[in-house]
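Listed next as structure tokens: two forms of one protein chain, kept apart as structure 1 and structure 2.
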Structure 1
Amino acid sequence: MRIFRTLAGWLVVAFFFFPIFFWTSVAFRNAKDIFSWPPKFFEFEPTVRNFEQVFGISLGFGFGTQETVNPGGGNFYMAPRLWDSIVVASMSTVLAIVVATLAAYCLSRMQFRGRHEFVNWVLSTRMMPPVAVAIPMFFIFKQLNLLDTYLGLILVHGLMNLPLAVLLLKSFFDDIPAEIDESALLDGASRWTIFRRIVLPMAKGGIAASAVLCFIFSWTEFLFALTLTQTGIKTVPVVSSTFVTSIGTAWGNMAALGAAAIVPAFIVVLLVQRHLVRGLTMGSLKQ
């Protein structure tokens, strides 16, 4: 029984892992090994040319021949675009976490009228369809000259992540006993001092986990990035959708960019795996 269950578990996960494996292997293929029927799984000649083209660098090593160029591939030089994603995701994370930490501490510790309704309002902003925000935002940003700027996309991504960050951080603060605050209050410490000296250090792990999730959601976001940028800045998901050209799709380059975009994000997620479920459910489930 145990052995069957182990086997079944491995099979199921292999099934879910297969597209990732296949996609990553496409990143290391020449055109002739991508466009083949029957499709090749392992028996292809590996190359790093796709990565070299996408990042505009010469890795100076390679397996086998480096001559073949993908049809429609051209030179997609994407290193600056990766930088755009990094700037937007990290700055919007800082924005969301700073604002959300203050609010979450307040919602976790202070009693005031309408507190419950306030939490519900924050939650309800998570339900807004992005398209219902993106359309008016496009026109508002146009008037404010924020289209195609880092600041514009950072603001929108930061705001998009606020409900998640507030509710998640509140659940982390709720885990720190309120008695600690109260005894410090009796000793004459201000709320601000308690927040800075006691609560923030104790919730470090939770804040890090929230930051990682905000980063990932900004990193993977598509609709806002597509709508609110044109040529000046482009994030990785938007760039990857432009690899489909009229003369063909640069699958190899796209796969290389995709693989490069997944790996760092996955490493970061592994670091906060303990808090992952709590983050995905905005703190409503504790693990």
Structure 2
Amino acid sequence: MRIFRTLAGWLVVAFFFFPIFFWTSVAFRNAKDIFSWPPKFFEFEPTVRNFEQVFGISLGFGFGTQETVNPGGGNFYMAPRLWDSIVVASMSTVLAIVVATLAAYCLSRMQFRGRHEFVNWVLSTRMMPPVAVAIPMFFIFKQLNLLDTYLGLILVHGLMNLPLAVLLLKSFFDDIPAEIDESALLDGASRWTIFRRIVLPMAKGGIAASAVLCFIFSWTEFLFALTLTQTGIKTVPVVSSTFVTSIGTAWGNMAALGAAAIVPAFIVVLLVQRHLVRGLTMGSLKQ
């Protein structure tokens, strides 16, 4: 029975891993091997040409004959766009988590009139489809000179992730016994001291889990990034739709950018992996 469970587990892993493997392998193929039929999963001549064109660098090694690449040159030079995504996703995550942590702690610990209605309102903002507010936000940001700026996109992505972060963090704070706060208050500690020195360290697993979700949602967001940016900054999901040329789609370059775009999200998850597992299991055990 254990063997069947193990086999089933590996089949599930293979099912979800195969699209990533295939997309990454396309990044290392030339156009001839990409469209070969039947498809070649391993029997192709690997090349790093697609990565060199996307990042405008000559890797100095590779497989087969590599052509010279001008640094920063080429129609598919996307290194600045990858940096744009890193800045926007990182800063919007920090913004959402800082505001959401304070708001969630207040909603979890403090009793005030309209508290439950406020939680319902926060939840309702998450239900609103982004397309309903994209155009009005375009005109508002145009009046505020926030179009095509890091600040504008960071604010939008931060606000977009804020409801989810507040609701997630509130559930994590709810799982921390309120008696701990009350004992500290009796000992003379202030609310801010309790929050900073006692509750925050206990909730860092939940904060890490919320931060990872906010980063991934910002990293993959398309509609606001398309509407509120023009030429100054562009994120990876937006520029991934620009690989269409007069002679067809540059699948190899698109796959190279997509494979590279996986790395920052993977690094974020890897950095908070220990806290992430703890955060995702918070509240699973009740005394």
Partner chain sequence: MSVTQVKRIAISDSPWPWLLPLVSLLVVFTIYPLIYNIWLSFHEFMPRKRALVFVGFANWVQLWHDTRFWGALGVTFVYFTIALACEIVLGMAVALLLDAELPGFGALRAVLSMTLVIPPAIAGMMFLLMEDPQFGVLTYLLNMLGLLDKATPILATSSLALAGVLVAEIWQWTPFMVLIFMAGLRSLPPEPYEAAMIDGASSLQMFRRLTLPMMSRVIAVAALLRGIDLFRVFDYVFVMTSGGPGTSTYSLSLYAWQQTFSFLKWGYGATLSLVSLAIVMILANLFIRAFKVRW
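Heads up, when I say rigid core I mean the largest set of C-alphas that superpose within 1.5 Å between the two forms. Just so we're on the same page, residue numbers count up from 1 along structure 1's sequence. This structure is a prediction, so every number in the text was calculated from the model and none was measured.
- Task: Mark the structure, either 1 or 2, that is the form predicted in complex with its partner chain.
- Result: That would be structure 1, which is the form predicted in complex with its partner chain.
- Using a rigid core alignment, state whether the CA of residue 232 is displaced by 2 Å or more between the two structures. The answer is no, as the C-alpha of residue 232 shifts between the two structures by less than 2 Å after core alignment.
- Task: Look at residue 220 and decide if its Cα position differs by 2 Å or more between the two structures after superposing on the rigid core.
- Result: It does not, since the residue 220 C-alpha is displaced less than 2 Å between the two structures after the core fit.
- Task: Check the Cα of residue 12 between the two structures on a core superposition and give its shift in Å.
- Result: Its C-alpha position differs by 5.6 Å.
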